[in-house]
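We begin with a single chain expressed as structure tokens, specifically the form predicted alone.
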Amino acid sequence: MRPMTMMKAAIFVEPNRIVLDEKPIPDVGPLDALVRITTTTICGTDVHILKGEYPVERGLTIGHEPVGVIEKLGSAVQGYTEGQRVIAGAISPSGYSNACLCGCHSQDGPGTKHGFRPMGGWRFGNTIDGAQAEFLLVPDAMVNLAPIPDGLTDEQVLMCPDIMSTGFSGAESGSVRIGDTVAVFAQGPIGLCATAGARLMGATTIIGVDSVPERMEIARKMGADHVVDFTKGDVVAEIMRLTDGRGVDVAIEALGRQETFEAALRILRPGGTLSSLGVYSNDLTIPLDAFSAGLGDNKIVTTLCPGGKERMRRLMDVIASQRLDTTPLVTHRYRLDEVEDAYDLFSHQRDGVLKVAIQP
């Protein structure tokens, strides 16, 4: 019998190798909570880690989308009970850093000898052990644990920690307004949630861009009025045609490639906003003409997934109020013991996969 001091976890070994192995169950500090994971998933960022495109320490447990049950509470944690169902955001701010007190919780992180380090609020599966395991240690539990409302299943709230929060933030950072025209490049899970977020914020014309028929169909269900197949012609020309030459108020880039970033820039109306959600693996180039030589009154904004318990509460309220159903995004289900197979499927985007639910 496996000792109760050990747990199974998906561990980064080296580029192109994430394996299931055993690690000690974490000790719980005064402000921490130990959560027994009941459902988690694989994110596109985890695939960047797998491929060595985003560096993390060898031996790190991967994953940042936890749904579970409180197993043990730290001695100073108040307002929660052991056995309570909870989620924690992919971004887990401390609540007391300079970044938090400036209102930028996602960027909560320690400085370095070269100054501030971006993305410091993303800790799970980045700087500390993550959620693709039997147990997860949640730091600053009173800031980050959000109780799951009665009646909501694991899969109903599974998108809240990252995918839904990130996708919605693309529309929020782009300051989508009632009556806006919005284009969303890539209808993967984050792009689909950006489409849904734009609709909830009042956009009246939403144009999705993709080529996978199943994703294009879900995009229509999530709020897209038009879906453009980028393999069947000039995307920029087609979007300009759909907008009668005006361009869009907000373009959301949810893929992380030069070609989609550039196309998003080219379809903006004067004074429009490019809201970037993609994780980029190479330097970006901004073409002179697309940028109007810097004189187009355009904005380029970037966003890291908002976290913390209040953000999670709001997102779960969207689900509970039936404003949005994200369960169609879960297309495959695996046990934690099968996580290596799940990575193989997800990283190669086989069998129409959108998101994978993983259960210990």
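From a predicted model like this one, the values you see are computed outputs, not experimental measurements. Numbers follow the displayed sequence, beginning with 1.
The protein also exists as the form predicted together with another copy of the chain; that form is not presented, and the subsequent description refers to it.
> Heavy atoms within 4.5 Å of another copy of the chain in the model of the complex: does Lys51 have any?
Looking in the model of the complex, residue contacts with another copy of the chain do not include Lys51, since no heavy atom lies within 4.5 Å.
> Closest heavy atom of Gly271 to another copy of the chain in the model of the complex, within 4.5 Å or not?
Within the cut-off, so yes.
> Classify Ala237 as contacting or not contacting another copy of the chain in the model of the complex by the rule of any non-hydrogen atom within 4.5 angstroms, answering yes or no.
Answer no; every heavy atom of Ala237 is more than 4.5 Å from another copy of the chain in the model of the complex.
> Using 4.5 Å between non-hydrogen atoms, is Gly191 touching another copy of the chain in the model of the complex?
Close contact is absent here: in the model of the complex, Gly191 is far from another copy of the chain, nothing within 4.5 Å, heavy atoms only.
> Tell me whether Asn16, Glu71 and Ile148, taken together, all sit within 4.5 Å of another copy of the chain in the model of the complex, counting heavy atoms only.
Contact check failed for every one of Asn16, Glu71 and Ile148.
> Please determine, with the chain shown alone, which of 149 to 157, 130 to 138, 228 to 236, 201 to 209 has non-hydrogen atoms within 4.5 Å of another copy of the chain in the model of the complex.
Selected range: 201 to 209.
> At a 4.5 angstroms cut-off on non-hydrogen atoms, which residues of 151 to 185 are near another copy of the chain in the model of the complex? List them in order.
Residues within 4.5 Å: Phe168, Glu172, Arg177, Ile178, Gly179, Asp180.
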